[in-house]
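Encoded as structure tokens, the following chain is the form predicted on its own, with no partner shown.
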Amino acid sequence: MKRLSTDRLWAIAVLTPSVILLAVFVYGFIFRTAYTSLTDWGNDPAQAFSLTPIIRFIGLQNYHDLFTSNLNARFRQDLVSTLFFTVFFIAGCLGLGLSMALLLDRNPKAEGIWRTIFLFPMSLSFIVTGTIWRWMLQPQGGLNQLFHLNPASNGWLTSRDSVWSFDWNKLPLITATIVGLVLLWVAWLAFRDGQRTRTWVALGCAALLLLWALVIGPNVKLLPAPELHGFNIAFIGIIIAAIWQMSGYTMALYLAGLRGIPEELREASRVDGANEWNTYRHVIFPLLAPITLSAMIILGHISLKIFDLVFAMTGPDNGPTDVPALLMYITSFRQNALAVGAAIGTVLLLLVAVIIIPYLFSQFKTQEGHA
């Protein structure tokens, strides 16, 4: 018992400095940023950085203005662009990474060289990657010259065209519908597993959301006039660069997962008469599901707070390729609107938390189940 107490004291002594630093420089600054977003600090840019700025508490007004004020249309477009970027970035990294892992899993010649080539982009910073791809995607740059493309019609980073546009006023309706459909899917999974309570709860919540979407949703207006937002074509170049850098990471994850699957499982599926595709579909891919989830979480939080890649490729003043993190920088340090910048940062934090917290909860629940 005495030795155990000594070990605990040493553990506390070693961990205390890290806990204090984490509490002050991470959670303390998060709390400070959240509080700043509830004030009007920077509404008067002239005194934002004065020694004694006049700061008033205004509650959620900054958040209300970000989502409903005509002056913040840029933030709303940046948010939509980030969501599109996240979807294509994750899909591209997972698809390309899995393809490369499947190729390497077949033990090709010079496998070590190929693995190094696939992993090399991940060793670069986003600034270096952005600088390389900015040159390649210039109108007179590498890709247009390599494929003999017309620079006037292939402005990879300068296009002003957009697709899949929707009215911002319909965002509550779209969100309620998507969440309702997801809850229906959750209810189906719970019903299949025999979890009746979870099934009825998910069905009830889905029914309420879908009923709201049908009856009340069409009448909800966030803005006095329609405001269209969509996917800017100029983001395609940035998505290509991001996938080029991070697909090697997902390749490494999938390759480790493939090499960890016992060969006996593959042999058993072949004995049962399964062909190559059915073996992967019913045996290999289900076993890779946890790796896919982990990769999606990591790539998702990277994409939501992307800043340096966009800054290196298009700079801070190219509206079609703007993202919330870049707008937060411009708002805070160019316009001196510190409270609005803090509100944008808090929105990004909440978006990341929406992805991270359910994953952590499921991981802790799984560990408790094994314990």
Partner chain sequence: MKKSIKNALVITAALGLTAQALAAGKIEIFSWWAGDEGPALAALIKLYEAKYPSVKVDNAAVTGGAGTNAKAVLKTRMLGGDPPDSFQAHAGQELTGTWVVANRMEDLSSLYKSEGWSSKFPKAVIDLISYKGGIYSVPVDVHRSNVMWYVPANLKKWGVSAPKTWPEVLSACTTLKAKGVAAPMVMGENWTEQMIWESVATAMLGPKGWNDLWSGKLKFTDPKVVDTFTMYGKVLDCANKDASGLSWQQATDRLLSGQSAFNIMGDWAAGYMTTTKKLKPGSDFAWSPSPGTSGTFIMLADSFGLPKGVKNRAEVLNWLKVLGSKQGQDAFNPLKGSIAARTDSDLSKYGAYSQSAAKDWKNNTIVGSMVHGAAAPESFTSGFGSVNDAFLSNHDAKAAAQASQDLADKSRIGM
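Keep in mind that what you see is a predicted model, and the values were worked out from it rather than measured. Residue numbers count along the first chain shown, from 1.
Just so it is clear, the following notes concern the form predicted in complex with the partner chain, a form of the same protein that is not shown.
By the criterion of a heavy atom within 4.5 Å, His282 is excluded from the residues contacting the partner chain in the predicted bound form. By the criterion of a heavy atom within 4.5 Å, His64 is excluded from the residues contacting the partner chain in the predicted bound form. Using a 4.5 angstroms limit between non-hydrogen atoms, Arg74 touches the partner chain in the predicted bound form.
The partner chain is not drawn, but in the predicted bound form it has no heavy atom within 4.5 Å of Ala34.
Of the listed positions (Ile302, Ile58, Ala312, Ala48), a single one reaches within 4.5 angstroms of the partner chain by any non-hydrogen atom in the predicted bound form, namely Ala48.
Scanning Asn169, Thr292, Gln138, Thr177 against the partner chain in the predicted bound form with a 4.5 Å heavy atom cut-off leaves one residue, Gln138.
None of 81-89, 268-276, 157-165, 195-203 except one has non-hydrogen atoms within 4.5 angstroms of the partner chain in the predicted bound form; the exception is 157-165. Of all the residues from 313-328, those having a non-hydrogen atom no more than 4.5 Å from the partner chain in the predicted bound form are Asp317, Asn318, Gly319, Pro320.
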